[in-house]
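Have a look below at one chain only, the form predicted alone, in structure tokens format.
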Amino acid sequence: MQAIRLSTFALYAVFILAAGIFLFPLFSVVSLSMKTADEVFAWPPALLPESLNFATYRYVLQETLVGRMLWNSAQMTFFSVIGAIVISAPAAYAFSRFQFRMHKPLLLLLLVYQMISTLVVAIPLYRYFESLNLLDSHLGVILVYITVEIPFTIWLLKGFFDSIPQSIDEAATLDGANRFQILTRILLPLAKPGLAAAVIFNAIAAWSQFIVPYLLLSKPEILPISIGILNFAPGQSEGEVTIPYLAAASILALLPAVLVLVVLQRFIVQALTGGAVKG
């Protein structure tokens, strides 16, 4: 009994230590966002601000383009996730239910494509979009986001469709349903946890994208928040202490992603245990 208690205590100690390692940087940024310039440069540095100071958040939201940048990120994330789901769901259904020529090589090709870094294609991508007149356009960025998200979404949804018995399709066919109706009215509702997981992963990936918008966008009013917070980096504004503003903008940029994760996180668990990880 004593050995079990010691092992339980050690397990909780490891959990607390791991939580502390991950949460301390976040706590430091929150603390920094509430400090004044004098507190930022005080020595020895204090872990906590002297008071809860939200002036930096008011300044960032009212006097800068952060609000606009958050809206830009929300639009690009929303439309890229919708686009990726609309294109990937029929493709995942086809890979799951049909055996056609080049079935496995195409699946492998999607996996290989997923491994290609955006940095590798940065210069060709820029020149191609320049020729299409899609630079400084949200549409161009959204199209790239969708292209990047499609392979992962197909693999995720295919695994989930594989876990749904094909006898359900056969029963629906006997009742007169066509393929489109089977997909939209039967399989997608049954694959709701997988869809939610795809939405979460793609939304977080799109929200945090840096290379693509940094490459294709240059006008401040159309930048997403992942690029916009660079304007608060030390050295961007000569003679001005921007560290608290940078910390406040970073926290504001983090909140929507955390909110999506908290609201839909139970679907991730269902997806991982319900078939989304099956090949």
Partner chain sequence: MTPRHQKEAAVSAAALLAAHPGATQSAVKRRAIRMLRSPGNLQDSPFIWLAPAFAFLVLFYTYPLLDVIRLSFTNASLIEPDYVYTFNSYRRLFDDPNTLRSLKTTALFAAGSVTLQLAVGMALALAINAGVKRHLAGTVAVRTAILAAWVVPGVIVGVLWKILLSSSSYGVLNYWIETLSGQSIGFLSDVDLVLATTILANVWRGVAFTMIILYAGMQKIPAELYEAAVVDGAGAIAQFRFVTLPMLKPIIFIALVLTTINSVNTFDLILALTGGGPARASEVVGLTAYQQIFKFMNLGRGAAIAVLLLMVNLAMTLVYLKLMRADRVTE
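Numbering follows the first chain given and starts at 1. Everything numeric in this text was worked out from a predicted model, so none of it was measured. Basically, rigid core = biggest C-alpha set you can superpose within 1.5 Å across the two forms.
What comes next is about the form predicted together with its partner chain, which does not appear here.
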Item to check | Residue among L135, A74, V199, I87 with a heavy atom within 4.5 Å of its partner chain in the predicted complex | outcome: I87
Checklist entry - Going by a heavy atom distance of 4.5 Å, is L156 a contact of its partner chain in the predicted complex? => result no
Item to check | Partner proximity in the predicted complex: Q62 to its partner chain, non-hydrogen atom cutoff 4.5 Å | outcome: no
Checklist entry - Is there a heavy atom of A55 no more than 4.5 Å from a heavy atom of its partner chain in the predicted complex? => result no
Next on the checklist: Within 4.5 Å, heavy atoms only: does P45 come near its partner chain in the predicted complex?
Outcome noted: yes
Checklist entry - Are there residues in 96-124 with a heavy atom within 4.5 Å of its partner chain in the predicted complex, and which are they, in order? => result F98, F100, L106, L108, L109, L110, L111, V112, Y113, M115, I116, S117, L119, V120, V121, I123, P124
Item to check | A42 C-alpha relocation of at least 2 Å between the shown form and the other one, rigid core basis | outcome: yes
